[in-house]
Each structure stands twice: as C-alpha cells, then as structure tokens.
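Shown next as structure tokens: one chain only, the form predicted on its own.
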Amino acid sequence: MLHDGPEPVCSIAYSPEFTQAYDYLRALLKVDERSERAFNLTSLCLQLNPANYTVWHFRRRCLISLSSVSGQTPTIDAERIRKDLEFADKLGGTNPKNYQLWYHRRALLEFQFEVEDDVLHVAKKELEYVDRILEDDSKNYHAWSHRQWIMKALNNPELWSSEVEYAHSKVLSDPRNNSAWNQRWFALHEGKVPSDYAVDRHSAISLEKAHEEASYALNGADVDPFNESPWRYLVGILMEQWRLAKRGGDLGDMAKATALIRENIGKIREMKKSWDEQPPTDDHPPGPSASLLSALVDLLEVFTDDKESLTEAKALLEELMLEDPIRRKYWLKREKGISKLLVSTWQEGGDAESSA
C-alpha cells in the first residue's frame, strides 16, 4: 500500500504529511495493532485519501477490537457506530460517489441493526441522510443502491409504503429521472404488500395494480411524450402481466392480460394522434416521439398471430428508421423480424383456407 520500493519507475509526489501518515499505518498493519491510536491514524489517512479500501477495512477491524465483547459474535458499540457514521458523513460531503465510503456506512449499519432496539428509527435516519445526498444529485447510483439495501435489510411494511410515495415525489421533481422510476418499480415489486401482489406469482404486481401503474405511466408520458422513462415503465408493467399469464397457461388470465395491453395500445394511439395534430411550439417540437413509437411497437409485437397488429408495428418501425436515424440499423433488424412473422402468418392463413 503506497510502497513504491527503493527505485520507483514513476514516483508519485506525495506530500510529507501523506507519506508519514501512511508509513506509520503500514507499520501498524504489519504488527496488526488494533488500538485507539491505530484507529485515530485511520481517520487522518482517510482524510488524506478517502478512497483507500484497506484503510476503511482496517478501521472497521479497529472498531470491533475497541468495542465491548458480546459473546463470540463480533460487534461494535452503538456510540462508536454513531460517531463513525458522522465521520463518514463529513467525508461524504466532498465524496458522494465514493464506493468505499458507502460500503463502510452499510457495514456499520449491519452492526447497528443488531445492537439497537429501535432499528426502524435508525433506518429512517439513514434514509434521511440518503435523501440529502439525492437532493444534491438525484441520480447518484450509490445513494439509490444504498437506499434499496436499507429497504430490503429491514423489509418493513411502513418503509415500503412510504418508499412508493418517495419515488413519486422524485418523479414529480424530475420526470426524466429514470432512477426514480426504477425506485418505484423496486418498491412495488420488492415490498410485497399483500393487496398489490398476485398470489405465488414471482412477486409480480396484481392485475388491478397493473391497471393503476399503467395509468400512472401514461400520465407521466402525457406530460412529455419524448421522455423515455415512463414509456419503458409502461412496457415493463404490461409485459410482466403478459408473461405471467402466458406462463400460467390459464385462458382467463390470458384474456385479461390481452385486454389490458389492447386497452393501453388504444390509449397510446390516441396520444399519438393528438400529438400529431397539434401545431409545433416551443413546448411541442415537430415530429413524432421515438419513445412513444417504440413502446407501441413493443406492445403490438406481443400479438404474433395477429396480422393487423404486426402490419401496424412494421409501419411504425419504418417510421422509426426515419425519425431515429442513430438507431436505424436496430429498427431495421426488428422490421425484418416482423416481416418474417407476417409471411409466416400469411402462409398459415393460406394453408388453413386450402384445407377448408
């Protein structure tokens, strides 16, 4: 660790303070001294380099060694955890995307959830910290991942319900924040609120809830049809119900899933027509939305034995090749796939007529 040897090829210009601190740390690591002075030295070393994984790891070992012993299970005193979370908070202010810092918070919380009586209070306090980070950067991947870990670690119904509303507030503040849309999906699917979930259905939301979420997505898309996030959310919700019904093999479920998708296809068509008829303005750029067209194609493609749906999807893909030239080859590939399905459907229909 930071030991370049007697003849370094490319020597890094460390400051004297940096070199001295890490020289002392290497000496303590060599003899595995987990004392109070070793712990204090890690504070200095992390202030000089907050991304050093070895120092964070050694710091946690020191915390365990300096804490009161509780049986054979390693633990850290609650007060030390609280102070170290504050220390990490101070460093995190200038390092909001530091992998090692976020993992340290998680490791401390794993201990804290074991020693605290009111773990819900602890979790809420940490969620408030994460929210402060997201206020500065609403798409901070580390913060969202940490938030999801807290939710799954406690698996508390109160937290799950409030998380759906939290994700909604983030969507409202920035409808293009795909992380917020993803968090809503996560909270609905991982929270396992009984009224929202199908029984023994691989954590898929119920058909009734799917109707609600489809409307939620369409409302978001109506605000800005060029925003890809609500369209992808809509397709995900509808395709989940389709796959679920298809896997179950129940004709009644298939009919309900088909009706749900057909209903939303109709709504998208209406949105497209309304958008096309409006004159261009600053808030209404000319031309169709590639995200809208793409979502419509995804849903129409579901009906592989329906010639009308496939023909419409083919026409939309031809339009996408013009309106979205960057992905022209991708749309062309999908158009060729639908053309093959149309030929197959036409041949099967011809064979059926011949046999009749």
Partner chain sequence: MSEFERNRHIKYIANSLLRNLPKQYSNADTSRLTLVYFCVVSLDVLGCLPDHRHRRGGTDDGGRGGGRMTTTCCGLVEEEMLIPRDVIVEWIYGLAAFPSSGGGGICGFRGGTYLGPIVGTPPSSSSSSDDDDDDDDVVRPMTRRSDDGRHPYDHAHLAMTYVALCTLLTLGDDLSRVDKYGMMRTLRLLQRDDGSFSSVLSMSNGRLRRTSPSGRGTRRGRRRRDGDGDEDDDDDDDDSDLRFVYTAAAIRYILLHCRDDGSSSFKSEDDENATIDIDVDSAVSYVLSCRSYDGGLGLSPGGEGHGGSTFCGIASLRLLGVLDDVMDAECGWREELVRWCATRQRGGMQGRPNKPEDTCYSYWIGGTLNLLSMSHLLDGCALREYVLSCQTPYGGFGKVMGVMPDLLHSFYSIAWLSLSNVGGCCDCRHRADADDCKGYDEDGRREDILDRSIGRLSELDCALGMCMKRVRRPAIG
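Between two forms, the rigid core is defined as the largest C-alpha subset superposing within 1.5 Å. Residue numbers count along the first chain shown, from 1. Predicted, not measured: the structure shown is a model, and the values here were computed from it.
Below: the form predicted together with its partner chain, not depicted.
Q: Have a look at Glu318, Glu308, Asp32, Asp305 for me and say which one sits with a heavy atom within 4.5 Å of its partner chain in the model of the complex.
A: The residue from Glu318, Glu308, Asp32, Asp305 that makes the contact is Asp32.
Q: So its partner chain isn't shown here. In the model of the complex, which residue out of Trp275, Tyr129, Trp242, Tyr103 has a non-hydrogen atom within 4.5 Å of it?
A: Selected residue: Tyr103.
Q: Of these, 165-173, 77-85, 204-212, 113-121, which stretch puts a heavy atom within 4.5 angstroms of its partner chain in the model of the complex?
A: Selected stretch: 113-121.
Q: Taking the shortest heavy atom distance, is Tyr14 within 4.5 Å of its partner chain in the model of the complex?
A: So Tyr14 counts as contacting its partner chain.
Q: Can you tell me if Arg232 lies within 4.5 angstroms of its partner chain in the model of the complex, counting non-hydrogen atoms only?
A: Contact with its partner chain, yes.
Q: Applying a 4.5 Å heavy atom distance criterion, does Gly248 contact its partner chain in the model of the complex?
A: No, Gly248 is distant from the partner.
Q: Does Ser294 reach its partner chain in the model of the complex, with heavy atoms at most 4.5 Å apart?
A: Because a heavy atom of Ser294 falls inside 4.5 Å of its partner chain in the model of the complex, the answer is yes.
Q: Is every one of Glu158, Gly287 and Val343 within 4.5 Å of its partner chain in the model of the complex, counting heavy atoms?
A: Negative, none of the three is within 4.5 Å.
Q: Mind listing which residues of 204-226 have a heavy atom within 4.5 Å of its partner chain in the model of the complex?
A: The stretch 204-226, when checked against its partner chain in the model of the complex, contributes no residue at the 4.5 Å heavy-atom cut-off.
Q: Does the distance between the two CA positions of Tyr24 reach 2 Å or more between the shown form and the other one, the core being superposed?
A: Moves: no, less than 2 Å.
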